[in-house]
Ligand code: NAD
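Consider the single chain below, provided in structure tokens and representing the form predicted alone.
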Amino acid sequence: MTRPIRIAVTGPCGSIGYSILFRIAAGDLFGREQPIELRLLARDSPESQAKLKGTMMELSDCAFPLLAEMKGFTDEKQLFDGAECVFLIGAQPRKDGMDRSDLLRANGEIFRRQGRALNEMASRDVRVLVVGNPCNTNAYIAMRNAPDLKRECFSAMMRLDQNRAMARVAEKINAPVSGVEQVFVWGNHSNTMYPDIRFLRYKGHRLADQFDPQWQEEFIKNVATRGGQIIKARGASSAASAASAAIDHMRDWILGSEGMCTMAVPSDGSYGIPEGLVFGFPCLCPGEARYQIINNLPMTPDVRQRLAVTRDELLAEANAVADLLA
């Protein structure tokens, strides 16, 4: 029998965590032949532990054939012991009166602690996906606090932004999203992100030249603000779509992607982005838990300016949490 893969998830009882667990256990992440172990984190409070117990009861009642083992923890070091695949979902949401810097400070402490625990306990080949926002800078904090792990072990989730961009294109051309190719997103998971459709193809046919500049500007704004639109419409933030994107990201990273995909990863200096900054890039994933930044795409003055705006925002965020970086 194939050895189970050990998967650790923080925030398993939140909306995104709850949405992702059942899909992982059903085989949507690693396929229908790969058994898994789930390791789930609850806060050290009776309410949180009760919610985790109920979630684990539901998972058990699904009788998933691939779920070889499941354990709950309140200690992060125990959670990450031997972990090979990690979803860092749990984070404090923004509350009324909080600005982005407040959120950075509140969550930065969480990800500093988790980075240190990963550094001490996780597999040396662990793959860590940060979903909790602000995800780019949270991933940067965790990575900097895990000096014994390769920085390529860390990434932040911008696949949701790519999926949103692909969906908007499909709506525009009135065609199934399955044929949309070579759409990706640069930069920070924030309103400064740049969804890039310059290389867009539909089933191999080039389409980017068919969209007028006004629609393209509306498209960029629409993708960047989609999360807020969903909150306004349903009274809650994206959950199932975020969970689905997290699975897309991790599956492509580990098993390989069919084409280019968006990953926020530590910069290697490509496109003038400072080395180590966790930045959204177009990537290729050849399999075996590896990725490659596509580093030779043509740049125009407009694109360079858009990248500079989102780069500068990330640099400002990094500066705001400088004392949390090891």
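Since the model is a prediction, treat every value here as computed from it, not as a measurement. Note that residue numbering begins at 1 and tracks the sequence as displayed.
Keep in mind that the form predicted together with this ligand is missing from the display, and what follows is about it.
Partner-contacting position among 121, 110, 247, 254 - heavy atom within 4.5 Å of this ligand in the predicted complex: Flagged contact: 110.
- request: Check each of 185, 139, 126, 160 and return the one that places a heavy atom within 4.5 angstroms of this ligand in the predicted complex.
  value: Comparing distances to this ligand in the predicted complex, the residue within 4.5 Å is 160.
message: For the interface check, one of 209-217, 174-182, 129-137, 147-155 should have non-hydrogen atoms within 4.5 Å of this ligand in the predicted complex; which one?
response: Every other range fails; the passing one is 129-137.
message: My question is simply whether residue 290 lines the interface with this ligand in the predicted complex - judged by any non-hydrogen atom within 4.5 Å.
response: No.
task: Mark residue 43 yes when one of its heavy atoms lies within 4.5 Å of a heavy atom of this ligand in the predicted complex, and no otherwise.
output: Judged by the heavy-atom cut-off of 4.5 Å, residue 43 is in contact with this ligand in the predicted complex.
- request: Using the partner position in the predicted complex, report whether residue 74 sits within 4.5 Å of this ligand, counting heavy atoms only.
  value: Judged by the heavy-atom cut-off of 4.5 Å, residue 74 is well away from this ligand in the predicted complex.
message: Is residue 20 part of the interface with this ligand in the predicted complex - any heavy atom within 4.5 Å?
response: Taking the distances in the predicted complex, the answer for residue 20 is no, it never comes within 4.5 Å of this ligand.
- prompt: Is this ligand close enough to 195, 267 and 306 in the predicted complex that each of the three has a heavy atom within 4.5 Å of it?
  reply: No, the whole trio is out of contact, none within 4.5 Å by any heavy atom.
Stretch 163-190: residues contacting this ligand in the predicted complex, 4.5 Å heavy atom cut-off: Sequence-ordered list has one entry, 189.
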